[in-house]
Structures are given as structure tokens and as C-alpha cells.
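Before any questions on binding or motion, here is one chain by itself as C-alpha cells, the form predicted on its own.
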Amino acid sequence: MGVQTAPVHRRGFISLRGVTKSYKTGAGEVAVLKGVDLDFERGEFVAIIGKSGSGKSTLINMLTGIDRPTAGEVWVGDTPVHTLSEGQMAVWRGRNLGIVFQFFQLLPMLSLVENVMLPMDFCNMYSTRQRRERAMRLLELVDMSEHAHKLPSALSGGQQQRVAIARALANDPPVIVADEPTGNLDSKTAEAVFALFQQLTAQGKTLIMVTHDSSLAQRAGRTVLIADGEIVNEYVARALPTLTHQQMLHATRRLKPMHFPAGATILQEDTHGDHFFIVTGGTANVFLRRPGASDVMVASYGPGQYFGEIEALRGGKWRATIRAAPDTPVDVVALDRETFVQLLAESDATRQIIEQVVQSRLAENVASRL
């Protein structure tokens, strides 16, 4: 049972493949997105984070069809969004996407209930009576029904954002996209908005949120980190969180994906080791050899956990045998020793954490062999 090339990830409910976006400037062409591959599954709550200028808003614009990729494909369900004309895009977006903006964008001369009815009017969905009834139900959902006939100017920022969420739900879209939805809100109101998003995903909506609030992002079902127009491997970010975004991106570029069938040996004790491994799928079991006795399993590592740090840091032979669990295959990404050592040299915090893990695991190895 040998090593195989990692299988291509199946296309998700929302899928970006090779998405590039470039803009022409006076200084030449600038690439904002660089061959992005990304999937979102139905019912996921995903937070997209990245520094200013990293490309996260451009990425959102690709998903919503507000902007077009220079190259690559964007699929939502069975719809190739990148091929739609402007007219087709407007109709498709109105029926399939709910968009929540940072600055609310409620029409100031319409009442709250009229603002919520507007997407239904545009897409000619529901009867006139049903539109008003539905708008009132949605305002009730966000605790704003008592203000239904007020103008937006009479509301606080948090209240306007709640109405904007109700408007995004007007046509019952399967996907909600929120661009910095809590950026102008106080912490208590931001928490309430986040709780509403969690409620929507529990009901089966796919919710994609761009945010600068790392504490909120960590509570989403999954976090996507973008740096310099590229997607950072999420398992690198989970395993080595104290690296800078640029260091994570450098590591991502150097990763080698590997796949092992259920029960296969990933590493064999006493053979040469020179890579650092991060589990991305399945469970990897750690076995130690004991004199005059059978191997003993001492640990199991799942997605986001790592092994091989001792040999990658110090060199030499593997000090344990690692096997895929007997009932499930294992996917890992491997980082060569040179890159691993370089990253530790550039990040004191990461080096200290890895050295602590090394000392702890060496002590466990000694104890387990007794």
C-alpha cells in the first residue's frame, strides 16, 4: 500500500477554480487574485479573513458576480456565474444571493418594510400582499417589526444592519454573503448579528462572511485566510497559527499533498526523516516499538494536528511509526525540512511552541517504551 497523489477535491456547492483577477493601472497590470481554488459546501458558515489589500473583497465580488474574473470559473450550484450576461446576472443574483453590506445601503426614502419588499418587487416574486406579509415576518425575525414603517434615518446602525439582513433574506436565497457586516457595530450588536448568522446556517443557508474581527471569524464553521491574492492552506493556519500571513502563504506554496489508504504506513520508525507533516483528513496513529513486545499505539492525530516535527527540527531517523487508522484513509500535507527550519528561524513564537512540543513528545516516547 504505497503513497498516492492526493485526489482532487470534488466541486462544492460553490466553487472557484483558477480564479484570477487583474486590473490595469498606470504602472501596468496588477494581479489581485492569483489562481484561487476554493470550495464552499451547502449549509457552511465560512469566515474570510485577510489584511487590507489581500484580495478578500475582490474574492467576494467574484462570488456575487459584482465583478468578473480575468480568468477562471465561478460556479454556484449548477450555474456558471462567470458566463452570465449582465441581465442574466441581475436576475440570478436577486433570486439566489442575499448580500449584506458594511454600510447597510438601505434606501433612505423608503420605510423599513418597503426596503425589505424591494428585492421581491425586483424579481417579481410573490404577490403584492404576500410581499408585505413576508417582509413583516422577516422584520419580526430580526426583532425590527415594531419599526416597520419608520425610515432608516430613525434607526441606529445596529438596527439598520438587522433590516439589511432581513432584506437579504427577502427572496429566500440559498446563499448569504456578508461583507464586513459588523464593521460599524458595537461589540454587543455585532454579537447579536453573528448569532443571527448562526441561526440561518442552522436552517441550511450557506453563509460567507468577510470580516476583520478575528475573534468572530474563529467561531465560524471554517475560516479562509487570503494573503497577497492567494488562499492560505487552512491546515497550515490551524497548525502554525503564530506565523505571519505571508509566512503561512510561503509554507502553503511549498506543501506536498499525500494520500494514504486505510491502514497504510505513513512513516516507518528508524528510517530517515526530513519532512514536517500536517493531517488534513482522517486519523494518523502513532506507534512505538518496545523491546521484546508488540508495538504500542501512543497517540492519534486528526485534521490540523502535526507530526514529524522532531526529525524536521533535529534531523535523523523517525522515532516512531505512523499509520493511517485501519478504517479510514489519511490525507496529509508535507513540508520539506529546509522550509520548516526557515520558518522557525523567522518566527520566534512558532519556534518556541514547536520546541515545547518536541520536549513533551520525547518525554512521552521514553515513558511509553518502558
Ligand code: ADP
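The first residue of the shown sequence is 1; numbering continues from there. These numbers were taken from a predicted model, which means no experiment stands behind them.
Separately, the form predicted together with adenosine-5'-diphosphate (ADP) exists; it is not shown, and the next lines address it.
Chemist: Determine which one of 50-58, 327-335, 340-348, 306-314 lies within 4.5 Å of adenosine-5'-diphosphate (ADP) in the model of the complex, judging by heavy atom distances; exactly one does.
Modeler: Looking at the other structure, the answer is 50-58.
Chemist: State yes or no: in the model of the complex, is some non-hydrogen atom of residue 32 no more than 4.5 angstroms from a non-hydrogen atom of adenosine-5'-diphosphate (ADP)?
Modeler: Answer yes; at least one heavy atom of residue 32 falls within 4.5 Å of adenosine-5'-diphosphate (ADP) in the model of the complex.
Chemist: Only counting heavy atoms and a 4.5 Å limit, does any residue of 11-32 reach adenosine-5'-diphosphate (ADP) in the model of the complex, and if so which ones?
Modeler: 23, 25, 32 sit within 4.5 Å of the partner.
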